[in-house]
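Only one chain comes next, encoded as structure tokens, the form predicted alone.
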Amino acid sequence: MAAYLLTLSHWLLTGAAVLVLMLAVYGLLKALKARQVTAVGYALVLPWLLGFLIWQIYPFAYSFYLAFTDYNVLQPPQWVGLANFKHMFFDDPRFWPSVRLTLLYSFLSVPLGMIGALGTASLLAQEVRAVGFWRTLYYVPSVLPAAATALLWRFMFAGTGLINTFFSPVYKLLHIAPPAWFSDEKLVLPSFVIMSFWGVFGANTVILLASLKNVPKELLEAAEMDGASPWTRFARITVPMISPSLFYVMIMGIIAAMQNFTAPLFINTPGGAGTFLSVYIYQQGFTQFKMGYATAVGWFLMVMILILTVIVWKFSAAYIYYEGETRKGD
């Protein structure tokens, strides 16, 4: 009971302090002859601004400082300059395999996932009986717990798991041994790419489905009357019309793939195959207590995501079309 009252008192004191700051900002702006609506607006936005500065900007800036320190959580951080980055780039045998695995996974899973999501959305856009049931069914995998899904896939990829059992007649026919999916360095990447197809059914499919439903039917009907084949109508009308949604799905897919965490956290892989950078950051920071080094790897991951996003954004004008857009030369 005492601990509860102490926590409650802290909440009340924090709220009272924020309220006092709001009144102080309001009074200061009124003293500076600001308009009533301006003073009230800044006073009301102050709690959000404080939260943004304290819980987002400060940790972001402090993490940049930690990247240049030796910090084990238990003792104060010690400044080491560029030592973390030197160790990361030149002395860590696990770093570059993890970078390779993360990048290859992103380059393979994102386009394949977009193709799968677009195909699924195209099927769900058809006017068939019980289409609401099918849309719900295809969306269900995205709301399942990620940890449970990872454990399910680990069981399916086991030596005597569902996948090897299902394909055992094929293995016998070809006279090959069942593959050790997550134990073989060469099969780690294909295994995770196959797992990524699970994410095809979910938010991306819903986004693309909504975009497909908004393609003007008169354009498709006019093209059909002109003799355009279904594939031509899809490639020349549907895809350009939904290209903004495809662009959004691509950007979010790259960011999500580069930060893949839950599934590889529950699946052990050979050391030579590396692991995903997000998992590697967790291992360094919360298992080995090398928080400074983990922060340096985290900043490297952020820069990689930023570079890939900028590259995709830079070339987006070549393949993204917006309805009613006018370009130079048109």
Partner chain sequence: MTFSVQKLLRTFLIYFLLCLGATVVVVPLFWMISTSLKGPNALFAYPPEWIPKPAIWRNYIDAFKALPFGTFFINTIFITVLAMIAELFTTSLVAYGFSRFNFRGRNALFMILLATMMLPSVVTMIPTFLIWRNLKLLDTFDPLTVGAWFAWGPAYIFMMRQFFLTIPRSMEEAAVIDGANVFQIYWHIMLPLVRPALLAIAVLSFQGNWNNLQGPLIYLNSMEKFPVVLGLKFFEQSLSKEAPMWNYMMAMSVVMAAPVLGLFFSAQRYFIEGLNVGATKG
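All values reported here derive from a predicted model rather than from experimental measurement. If you superpose the two forms and keep the largest set of C-alpha atoms that fall within 1.5 Å, you have the rigid core. Residue numbers count along the first chain shown, from 1.
Another form exists, predicted in complex with the partner chain; not displayed. Remarks below refer to it.
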item	value
Stretch in contact, per heavy atom within 4.5 angstroms of the partner chain in the model of the complex, of 81 to 89, 109 to 117, 96 to 104, 204 to 212	204 to 212
Of Val239, Ala158, Val193, Met250, the one that lies within 4.5 Å of the partner chain in the model of the complex (heavy atoms)	Ala158
Arg35: touches the partner chain in the model of the complex, heavy atom cutoff 4.5 angstroms	yes
4.5 angstroms heavy atom contact with the partner chain in the model of the complex for Pro216	no
Partner proximity in the model of the complex: Thr295 to the partner chain, non-hydrogen atom cutoff 4.5 Å	yes
Proximity of Gln56 to the partner chain in the model of the complex, heavy atoms at 4.5 Å	yes
Residues within stretch 245 to 282 having a non-hydrogen atom within 4.5 Å of the partner chain in the model of the complex	Ser245, Tyr248, Met252, Ile255, Gln259, Phe261, Thr262, Leu265, Phe266, Asn268, Ser278, Ile281, Tyr282
Core superposition between this form and the one not shown, C-alpha change of Thr38 at least 2 Å	yes
Rigid core superposition, Leu49 Cα moves 2 angstroms or more between this form and the one not shown	yes
Threshold 2 Å Cα movement between this form and the one not shown for Ala17, core superposed	yes
